[in-house]
Ligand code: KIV
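Only one chain is shown below, in structure tokens, and it's the form predicted on its own.
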Amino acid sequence: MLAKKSGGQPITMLTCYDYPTAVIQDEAGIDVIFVGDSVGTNVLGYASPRDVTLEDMVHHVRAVRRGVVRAYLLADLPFGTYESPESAWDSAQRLRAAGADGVKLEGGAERSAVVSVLSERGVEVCGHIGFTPQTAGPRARVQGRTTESALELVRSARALQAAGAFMVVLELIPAEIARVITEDLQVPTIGIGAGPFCSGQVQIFHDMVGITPFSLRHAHRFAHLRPTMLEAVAAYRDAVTARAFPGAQHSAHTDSEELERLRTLLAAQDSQS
């Protein structure tokens, strides 16, 4: 990732929660495939990413790992699993054993000690500042609009880098502030709702392909799969209801002589019972 930033090449990153999607993203050349705790609200039906457990993350990391050949596989440390350096170490070890190349955690300078210990022990850590869904509540708000809050973001980014973070996600930050942070750091920044000046971009896969029923300002729909999926499911329902599916072409068939023999045997058995 550092080489891409140094060479001025944007880094591509997408969330991913399952094997077939991982295969597609890897084949398409995505740089970082990210098993985020957004799996909770996008796949598992949870009300909040705070509900995601470490066991949930391990399960989905394993599934995604099976589909990744070349991309870097990053995984979220879920809420409440990295409150101390030792708990963070235990959680990171679980995710790495499941196949993650590195882990991501939310928070700024207050997470420096955790990042430092993980980095010293060989765990690659990605930071995450700005809007932090695990702790900021359900309503997304842009962070860093004032000089004071922007300065705090810069300080947090510097602290994470100094502690050993190899990358920092910037979420819902004014584009100009994200540019200041990106130019200030040596490590790459990954933006989501943070404008075009970051070292790379990340999007929620379900938002990007138009599966979610709502749209977000910072998310561009590169496809509109939800209407297509609804249409396909409704067409399937109608075909089954009308007995138009399955047809002969969808079915296996047996030899007529074998069928007649089966009927003869069944009739003989029935007559003896």
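Note that this is a predicted model, so its numbers are computed, not measured. Numbers for residues come from their place in the sequence shown, where the first is 1.
Only in words, not in the display: the form predicted together with this ligand, which the text now covers.
Looking at 239-247, 23-31, 220-228, 36-44, the stretch with residues near this ligand in the predicted complex, meaning non-hydrogen atoms within 4.5 angstroms, turns out to be 36-44.
Using a 4.5 angstroms threshold between heavy atoms, Lys104 counts as touching this ligand in the predicted complex. Although the partner is absent here, Arg111 is not a contact residue: none of its heavy atoms lies within 4.5 angstroms of this ligand in the predicted complex. Interface residue remark: Ile204 is counted as part of the site for this ligand in the predicted complex, having a heavy atom within 4.5 Å. Among heavy atoms of Ile192, some come within 4.5 Å of this ligand in the predicted complex. Taking a 4.5 Å heavy atom cutoff to this ligand in the predicted complex, the contact residue among Val169, Ala92, Ile173, Cys198 is Val169. With contact defined as any non-hydrogen atom lying within 4.5 angstroms of this ligand in the predicted complex, the stretch 143-168 contains no contacting residue.
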